[in-house]
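Taking the form predicted alone, here's one chain by itself in structure tokens.
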């Protein structure tokens, strides 16, 4: 049987995404530790700092009866004394599934190429599929579904979360609206989303008017130099999700993948409001990742 990776939602069919969300719902409803992955090991590779990815995958694996190992790539031989090919072939012999949180997407593609066990993208500069699967689980819980829903994303849209939102939205019939400065550096990368479609509305007030979800993310992603901070704050300030913007549309829920820089992309009154679902999103990372692990390992429950 051909191994199943999750490097990008572009690799998965609509039915695959639906299967994962349905299974995540069932796992969350039952909330029981099931030893379906007894004897299985997840190797977690981290090049970037993490709170939610680390804890959610570690606890997910534990609750499924398996074991997770954290490996800090800053202490590894990768790219120094050892090729990705050799590194990947070795770690695949120690583990049943690999999750990697990296800077460069090309690197996870190489690991998947040489590792003969499933590889899951925990985040790269291009995509964040596990985050968005958890997001769509949250939307389904809060809004009853995601078909024909509208997600308005405000701010810096040239990032991994937006790229994954567009790809999943296109497969689930969810309209993605982008509101950001009309400059290449702030818009989704067309090469990364391939044929992915979205609607662009420059004016954030118009963008959120009919949205079901208002979403934002940090203005300073990991790859952005600190020297650009002042310039980016000035450019992106009009796209801040604050009370004035949020209250244009009283029905929309607020989403953020976290960590949030309060006072930059979002204000306290929004992120702490009753319509904010950011903590539900964070929790749903774990449930969706359980479903992804089971899907990639071919385990039926």
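If you're wondering where the values come from, they're calculated on a predicted model, not measured in any experiment. Residue numbers count along the first chain shown, from 1.
There is another form of this protein, the form predicted in complex with a small molecule, and it is not shown here; the text below is about that form.
Note on contacts: among 218, 170, 189, 95, the single residue with a heavy atom within 4.5 Å of the small molecule in the predicted complex is 218. Put simply, of 174, 88, 160, 179 only one has a heavy atom within 4.5 Å of the small molecule in the predicted complex, and it is 160. Annotation: in the predicted complex, residues 123, 222 and 258 each come within 4.5 Å of the small molecule through at least one heavy atom. Segments offered: 36-44, 230-238, 250-258, 265-273. Contacting the small molecule in the predicted complex at heavy atom distances within 4.5 Å is 250-258.
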